[in-house]
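Consider the single chain below, provided in structure tokens and representing the form predicted alone.
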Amino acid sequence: MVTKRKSRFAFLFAEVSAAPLLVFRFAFGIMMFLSTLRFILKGWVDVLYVKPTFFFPFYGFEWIKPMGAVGMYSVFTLLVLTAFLVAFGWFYRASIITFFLLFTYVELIDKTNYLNHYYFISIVSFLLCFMPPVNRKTKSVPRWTVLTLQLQMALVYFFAGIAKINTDWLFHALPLKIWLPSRYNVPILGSFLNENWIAYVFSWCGMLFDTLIPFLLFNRKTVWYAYAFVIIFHVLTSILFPFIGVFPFVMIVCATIFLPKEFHERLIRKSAVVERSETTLVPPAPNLRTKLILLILCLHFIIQFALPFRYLLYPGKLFYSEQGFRFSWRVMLMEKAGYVIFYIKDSYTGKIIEVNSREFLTMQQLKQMSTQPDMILQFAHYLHDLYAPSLSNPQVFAEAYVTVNGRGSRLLIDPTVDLASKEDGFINKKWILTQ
């Protein structure tokens, strides 16, 4: 019985080269250092977290608030500093935990700023909290440390791939058929981007790439070809779709975790920039602490497997209701636009006031809120509280229209429902008109 238990753990605790983990940590830290510094220099801290007067928190995290100009700039300064420390392995454990907590805090403030790669960064930094602080002298680490990062990468690609197996993406080439013609000025490719067949080719290639690339990266015989495809694919998407930000480069950097140990070891020998750390040996033997870590990681991956399928719990059309859309690696699947008008009704006098949402929201917030029912509900509650002192039991109604992937505009929510009387949560929002 004891022998069987040992064999069960043998694969996860087998010693493998520490070089891939060391290079990954350095590359991720440098990427985060540059990205966060860029965020500050571009003035986005002020635009997204200082100037707005109202924020859209995630459900259950309403208690998380921005800390004003001084507080938010202090947070981002600490993010820059801790990312740098993580890269070089200085005060590693404290640095990566601080980075994870601060980065996740920033992302939870306002979901109108949600992006898949922000979510991905929070996850990777969370996983790195459990990784040993390796250095150049560390010869080996337990296999589970490297495998954890590889599996997370694989999940992102795979779920992004199967999410593309839908009618719009494969059989109508949407939304690429809408986006590609606008990139006519791209060198060489630009003259072809007006052709419908190009949109279909890109759609099918995108689905096949995302779905198959994890398996090719895990295979030692195909890993270098696969990584070449990773570079080509993400550089191309960055050129064609600059609005997706640094996500392609984050994926290129993080995918290095799949490359053979010989590559990482050679890279380390030629560079002295990743050699400082406090630990030189990582014991491979399973103990209570490492088993607890593995339990936490197992729970993490169970959640990661489950979240992309939670949309099945809701009726209606996902792209309209977006119930179960976030945190499921649905990348670049739709072109969605809309507008919404809010009306405040005095229950006693019947007086109706039309609200100008631009007085309360930034253009980014208005754009995101207008197409997402849960945000419309949040803003309706804000308006109720705002008008409650001057009106008798105010009711809040919204007339919202959306268009998805170029289709005709349609009513998104029931305009006769008093949204102030509805509560947010994970249960189905029956007032969404998505049938």
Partner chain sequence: MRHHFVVLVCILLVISGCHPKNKDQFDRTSLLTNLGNNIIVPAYQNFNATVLVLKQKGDAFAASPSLTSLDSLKQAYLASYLSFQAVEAYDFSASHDLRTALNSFPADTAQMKSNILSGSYDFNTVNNLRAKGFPAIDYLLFATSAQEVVSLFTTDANAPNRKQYLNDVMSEITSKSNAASSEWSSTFIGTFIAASGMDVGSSVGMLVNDMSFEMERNRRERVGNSLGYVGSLSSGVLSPYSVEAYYSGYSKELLIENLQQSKTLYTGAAGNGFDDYLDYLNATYYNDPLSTSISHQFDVVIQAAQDVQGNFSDALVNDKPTMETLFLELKKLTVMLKVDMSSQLGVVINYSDNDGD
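Here the structure is a predicted model, which means the values were calculated and not measured. Residue numbers count along the first chain shown, from 1.
Below, we refer to the form predicted together with its partner chain, which is not included among the displayed structures.
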query	finding
is_contact(T148, its partner chain) in the predicted bound form, heavy atom dist at most 4.5 Å	no
Its partner chain contact at E265 in the predicted bound form, heavy atom, 4.5 Å	no
Non-hydrogen atom contact Y105 with its partner chain in the predicted bound form at 4.5 angstroms	no
Residue contact check: F55 to its partner chain in the predicted bound form, 4.5 Å heavy atom	no
Residue among L318, L361, V355, A255 with a heavy atom within 4.5 Å of its partner chain in the predicted bound form	V355
In the predicted bound form, the one of R310, H172, K351, H300 near its partner chain [non-hydrogen atom within 4.5 angstroms]	K351
Stretch in contact in the predicted bound form with its partner chain, which is absent here, among 396-404, 374-382, 62-70, 25-33 (heavy atoms within 4.5 Å)	396-404
Residues of stretch 218-249 in contact with its partner chain in the predicted bound form (4.5 Å, non-hydrogen atom)	W224, Y225, A228, I232, F243, I244, G245, V246, F247
